[in-house]
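The chain below stands alone and is given as structure tokens, in the form predicted alone.
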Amino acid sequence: MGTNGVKMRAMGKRVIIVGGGHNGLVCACYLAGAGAEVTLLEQRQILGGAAVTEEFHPGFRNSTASYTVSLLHPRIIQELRLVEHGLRIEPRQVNNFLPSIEGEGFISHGDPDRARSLLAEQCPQDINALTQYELALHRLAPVLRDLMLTTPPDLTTLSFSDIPRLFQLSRHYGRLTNEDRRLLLKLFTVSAGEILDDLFVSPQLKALLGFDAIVGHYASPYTPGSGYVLLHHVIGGINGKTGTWGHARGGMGAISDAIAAEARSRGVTLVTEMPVERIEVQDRKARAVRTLNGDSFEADIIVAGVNPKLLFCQLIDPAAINPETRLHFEHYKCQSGTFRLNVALNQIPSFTGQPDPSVLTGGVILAPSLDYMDLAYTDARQSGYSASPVVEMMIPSLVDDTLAPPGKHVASLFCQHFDPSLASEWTHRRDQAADTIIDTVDQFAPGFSSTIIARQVHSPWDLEQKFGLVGGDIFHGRLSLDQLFSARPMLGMAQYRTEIDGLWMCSAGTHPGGGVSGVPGLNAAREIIRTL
């Protein structure tokens, strides 16, 4: 991205990026590479947004919010020289482990051959259906990965310039068989639970697969549309292998640090502890950024790397926005229902039904069935959270000894279905909810609570206040059909351009959505460069 002609046109163009999350950093790199003069403003003292590593207890460091690698796009890794800047991604030997309070646990191994062998022992009645399902997902994955890098067409004002994009979409879709197309339609429209119930018999297998449908999605696995959330989590990969997961050595902050290093090498000015109060708009043109400390940064182009709801409802004068736009974003759905704990441990936990410690190098999912997940969601709607919440535990210190002192460990507890609408009420319920999560882990790993040295607690409200994740939404907006592709974050704005001249968006609230992929930042930069 960035021929000599583009660089000449970009020379002298002043760009301000609001928000130093990984997408903002990616966008900054590409714009600077095209010759723009780029300044990035971040409210916290550390860059990376939710992809950061922090010390939460003396000697114990962990990924504070985002916690695992799969969606980071290979193109970004290569073009931004992330490996040269120190990024190392260790693949999981085990993808996931589903403990059982009674009997043996259920394992999804990282090696396909071993995974198939294990599953043939654990659910022989489902092995053929599972093989066909995985093959279908592997056929869908490259099509969807291509679409991730495609700027959605504007469905409100289709013009001649949009025709090539529509043909491109047609070519992608043309690769699929009719059976694949039917599955794709189902994944976008019906529930993950319905799809999995139709395909499989084993409750454990359905739970292992269905967990991906509720990650960061405040809904039951039987909620229509949850099938796409499942798909969103399986289209990634690491080191060239689709559907695999990994650990960033040094935590997720290592990704942001590597991107920031490349940004600096391209001349980007990175400013921390600089919270933005307002984007100044005059005559329908974004002119400047005003910070809370009274500084003003004038710019030719302003790029918002923050949640679109935050952008349109807090950072812009309502008088500068069309009333229908303001109303849309007031009702824009941000509701992950996510609760995050980081804990320092004096020893490795031991789970019931655990064959050996190696299974703890993957994600440990405490949700034995789809019905368990459904009940957790129902309880959350009634009481704020369930007495038996959905918990995924990761122990990254098992594969990364930089995170904890010798003989000690850190664990991430990523927990689902905590009512985001409670907002600031979470400040009074936070610790009680954290205790409930620990009690739930104790049921699957007796004695776990006694191994905890310290803990760091983030309710949905804390995630919003600390990282700007409105409603604690890790995706900057629900991944539902009304908020995807050409409708993300609003019909007419899916091309990263807003209705205000000179104001663009590059956060996960734009296409293709959440996860640490960097693709929204890449796509936004491409579209901005085209206008230079």
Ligand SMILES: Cc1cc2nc3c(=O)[nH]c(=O)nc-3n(C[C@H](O)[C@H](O)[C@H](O)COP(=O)(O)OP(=O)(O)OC[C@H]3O[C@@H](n4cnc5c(N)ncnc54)[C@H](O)[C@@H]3O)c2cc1C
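Worth saying up front: this structure is predicted, and the values here are computed from it rather than measured. One-based numbering along the sequence shown.
Beyond the structure shown, there is the form predicted in complex with the named molecule, which is absent from this document and is the topic of what follows.
**Student:** So in the predicted bound form, is the named molecule close enough to Arg44 to count as touching (4.5 Å, heavy atoms)?
**Tutor:** Heavy-atom contact with the named molecule at 4.5 Å: present for Arg44.
**Student:** Are any of the heavy atoms in Ala65 no more than 4.5 Å from a heavy atom of the named molecule in the predicted bound form?
**Tutor:** Yes, Ala65 is a contact residue.
**Student:** Though only this chain appears here, would Leu479 touch the named molecule in the predicted bound form if you measure heavy atom gaps against 4.5 Å?
**Tutor:** Leu479: no contact with the named molecule in the predicted bound form.
**Student:** Report yes if any heavy atom of Ala36 sits within 4.5 Å of a heavy atom of the named molecule in the predicted bound form; otherwise report no.
**Tutor:** Answer no; every heavy atom of Ala36 is more than 4.5 Å from the named molecule in the predicted bound form.
**Student:** Using a 4.5 Å heavy atom cut-off, indicate which stretch of 46-54, 495-503, 479-487, 28-36 touches the named molecule in the predicted bound form.
**Tutor:** Checking each option against the 4.5 Å cut-off leaves 46-54.
**Student:** Could you spot which one of Ala141, Ile452, Leu147, Leu315 gets a heavy atom to within 4.5 Å of the named molecule in the predicted bound form?
**Tutor:** That would be Leu315.
**Student:** Under a 4.5 angstroms heavy atom criterion, identify the one residue in Ile214, Ala192, Val306, Ile259 near the named molecule in the predicted bound form.
**Tutor:** By the 4.5 Å criterion, the partner-contacting residue is Val306.
**Student:** Would Val276, Leu310 and Ser507 all count as contacting the named molecule in the predicted bound form, using a 4.5 Å heavy atom cut-off?
**Tutor:** Heavy-atom distance to the named molecule in the predicted bound form: all three under 4.5 Å.
**Student:** Going by the named molecule in the predicted bound form, which residues of 485-521 come within 4.5 Å of it through any heavy atom?
**Tutor:** Read in sequence order, the residues that approach the named molecule (within 4.5 Å, in the predicted bound form) are Ser507, Ala508, Gly514, Gly515, Val516.
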